[in-house]
Each structure stands twice: as C-alpha cells, then as structure tokens.
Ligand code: 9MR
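Next comes just one chain, in structure tokens: the form predicted alone.
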C-alpha cells in the first residue's frame, strides 16, 4: 500500500534545494502543456491561495492545461448544511482556469475519509434511514454538478470505493454501511442526470497493485453490467522512487480492456523508501527525514521513473489526462503524510525551479 489520498493541504516547510536548476532555468523551461498538447491534458491540483501568488499562478498558467481543485470541491468545503452550499473557493478556481484557457476536473463528489476533526462528508448526510441518506446524496450531487454544468468537464464521482483488504471488494465506509454497494451506482446516475456531457470517473489509489486493481475492476464490471454511466478510471499513482511501471501498465491495460478512458489524477513520487507498514499503525517503520538535501541517487531514480511513466502515458491513446498532486515541492501534502518530514515529490523545487524530474518529463524518450 502506498499513500492515501490527500486530506488537507498542510503548512509550508522550508525545504533545502536538491541540486536543482536556478530560477533562470525556469524561464527557459519548455511548457509542459504545449509539449503534450497532442497527447493528453497536463494538470495540477491546486488551492485557491495558489492563484493569488503571482509567481506560482504564472507557473500554473504556463505549464498546466487542466486544473483539479485540491480540496475546494469536496463536500466538507462546499456543504455548510443540508441544502446550504458555499461555492466561493471552487468558483474562484473555475474563474482562474477560464482566464488562463484551462479546463477543470471536479474532485470529488463522494469520499469516505474521516478523521478526529473533519469528515469528507458531514455527519448530517447519514442521519435517518436508507431512503433519507440516498435522497441527501442525490440532492447534493445534483446541486453541485448542476452548479458547475458546462464548466467542469470531468468529475471524480466516487473516490476510493475499493477495499484494501483481500476477501472484500468494497471499502466498508459509512456510505457502504448506509447504502451497500449501490451507493456507487446512485452517485454516478445522479451525476449523469445533472450534467449529461461531463465525463464521470471512479478514482482510487494503489491501482498499480494487483490485488487492489482486481477489486477495483470487479466494481467496474458490476457497474458496466448494470449500464451505469461511467466513462473512465482515475489512477492516483502516489508512487515511490524505487517503483517500476509494470503495475501502472497493467492498470491502464485493464481499464482499456473495459472500453474506458484512463486519467492519472494525483501523481507524485516520494523520495522515501517506506515499507507498507509505515502507512498503517506502525509509523515508527517510516524512514527518518533526510538530514539535508535528498540523496542524489534517489533524485536520479525519481527522474527515471517520471520519464518511464510519461513514455508509457504517451504511448497509450486511452490516457487523456495526467495530473500532478501539487505544483512545487514546497506545497506537497507529503510533508505531513505518513509522518511529518520534508519531501520532494514533484517536478518543481520549493522555489519553482525545474528539477531533474521535470527534464525527464519534458524529454522522456
């Protein structure tokens, strides 16, 4: 198991530079969205605050043709109460994208995550009997998708439905407890009714792992057997520098075999070599923070993996979008997950300068 989907954007850390290019090289760096314009959309997950930083906003506008709302389109950010919605932050991102000729992926209409202080879906969603929960879910999805109809071209309708455990297909989330496996179908049908033109995705992590992929494809097959409107699979791809692309290739091929579109939705590559137990209760198993800049061999391995991934993506017509979960290393969620420590998972360093990973993506052959 790799990293779970991002929770909330964590505070900035001051990161040592990893031997990256100077800011002057940033100006000379080719535009990623132009390099891949004939292949697929290049995206980044951002927060509204990033659009108010002139240098960061310029970097986003130059390199990315697609924008994903990091958190601003999740239920806990929009739903202030039953039937009470706050779209201000999400609308700000849509306006930024429109001003810069970018398109918007919606993330996400339904998610299971809960913590001690915040729930992806507020508790009031689950009050009452099954009929009441279903009505609230359908009402919420209808309101949100209708609000963005014609402005959001694709939605992660359900995020992380597949179980992490062998022997069970669906994650035993509050949605599953309230509605059973039908909750996925209910969400997709409501989204399609609200915007017939939007592309609808089932998004999950660890799709590059055989067991998780098999469980996800079981869900996909059940949806297709019932003619549920689903257009594609979102592969988060939170990876490690030491990974290879065999599992990614298998995940993309499995999606293609079902006649669906592939989107890479949350790409980053950690420079830590953590065991699987690090992502569970055994946090002491996590690798200690680097005492200084990350090791050069890991930086090089990260660049090689990014290059290999983009060669694979570019070779597959089914891949229509590749989105990074963040823009620069300074703002990555991985500074706080699975433990607090500096991390360097993206293409641009803390100052916005292109790293070796950037150049591997820019020239992947």
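This structure is a prediction, so every number in the text was calculated from the model and none was measured. Positions refer to the first chain, counted from 1.
Beyond what is shown, the protein has a form predicted together with the named molecule; the following relates to that form.
When contacts are defined as a non-hydrogen atom within 4.5 Å, none of 87, 105 and 195 contacts the named molecule in the model of the complex. Just one of 242, 169, 118, 142 comes within 4.5 Å of the named molecule in the model of the complex, counting any heavy atom, and that one is 118. When you look in the model of the complex, the only residue of 159, 270, 207, 262 with a non-hydrogen atom within 4.5 Å of the named molecule is 159.
Only one of 68 to 76, 226 to 234, 176 to 184, 161 to 169 places residue heavy atoms within 4.5 angstroms of the named molecule in the model of the complex, namely 68 to 76. Although the partner is absent here, residue 148 lies well away from the named molecule in the model of the complex, with no heavy atom inside 4.5 Å. In the model of the complex, the named molecule lies within 4.5 Å of some heavy atom of residue 238. When the named molecule is considered in the model of the complex, residue 126 lies well away from it, no heavy atom lying within 4.5 Å. Shown alone here, residue 64 lies farther than 4.5 Å from the named molecule in the model of the complex, counting heavy atoms only. Residues from 318 to 341 that approach the named molecule in the model of the complex with a non-hydrogen atom closer than or equal to 4.5 Å are 325, 333, in the order they occur in the chain.
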